[in-house]
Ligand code: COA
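Next up is one chain by itself, shown in structure tokens, the form predicted on its own.
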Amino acid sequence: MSDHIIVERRGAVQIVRLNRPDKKNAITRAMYDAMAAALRGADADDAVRVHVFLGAPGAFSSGNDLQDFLAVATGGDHGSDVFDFLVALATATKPVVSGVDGLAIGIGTTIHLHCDMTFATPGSLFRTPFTDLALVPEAASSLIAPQVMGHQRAFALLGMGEGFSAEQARDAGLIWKVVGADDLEAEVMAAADALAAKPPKALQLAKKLVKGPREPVLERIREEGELFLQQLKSDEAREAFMAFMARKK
């Protein structure tokens, strides 16, 4: 497993913690591999009843590691790491609870569309700058977000790249609750423990019914992934990446 992903058990809850604070939890291919393995392993383990995702103070995740993007854009192998993680997340049979403090950019936002309950602090920012980088939405967000929040809010998030505050994210149905920064982890774990105490089969069936069929979601993940890869290798994406990297310097 990647050192940048910490996996721990607290009773019947598995916690997956993004642990790359020096890079604002930008997610590398190795981190996707580790998270996918953790999800699959816990979903198959009867001793685990709930999955939890947490980031670091000030950054749940700043999105994909741009060096990985640049490697693919310049001819490198793209692998199946991201796809494997998204499939594991979208098909998880047990409840997924997440906690966000600070930045939730790109996949740092769209991951929560697959979570069953997300808590966020007042200073959190949800933003998906896909089109700014000449890319397209991912994680089936183009399917799920309009269902959750309506076309116009979804387009503002995914097309315009408009940032949502924690309150706006709650009002849009992207997250469940806004809590104080000092209370975030306690609130997340309280919810996870409460879920873990329920009859597990009934809870998994309830999640399955609420989520609905997974086939359209998996098909959209594949469709988005193909378009994402096409765009990633395009001239306009290379130009957008280079401009972004130049601004960072």
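So that there is no doubt, residue numbering starts at 1 and follows the sequence shown. Predicted model, so just to flag it, every value in this text is computed and none were measured.
What comes next is about the form predicted in complex with coenzyme A (COA), which does not appear here.
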{"item": "Exercise: Ala26 in contact with coenzyme A (COA) in the predicted bound form, heavy atom 4.5 Å", "value": "yes"}
{"item": "Exercise: Gly161 in contact with coenzyme A (COA) in the predicted bound form, heavy atom 4.5 Å", "value": "no"}
{"item": "Contact label in the predicted bound form: Met149 to coenzyme A (COA), heavy atom within 4.5 Å", "value": "no"}
{"item": "Exercise: Pro95 in contact with coenzyme A (COA) in the predicted bound form, heavy atom 4.5 Å", "value": "no"}
{"item": "Options 150-158, 112-120, 164-172, 130-138; stretch whose heavy atom lies within 4.5 Å of coenzyme A (COA) in the predicted bound form", "value": "130-138"}
{"item": "One residue of Val82, Ile144, Leu89, Ile105 in contact with coenzyme A (COA), assessed in the predicted bound form (non-hydrogen atom, 4.5 angstroms)", "value": "Ile105"}
{"item": "In the predicted bound form, residues of 182-219 near coenzyme A (COA) [heavy atom within 4.5 Å]", "value": "none"}
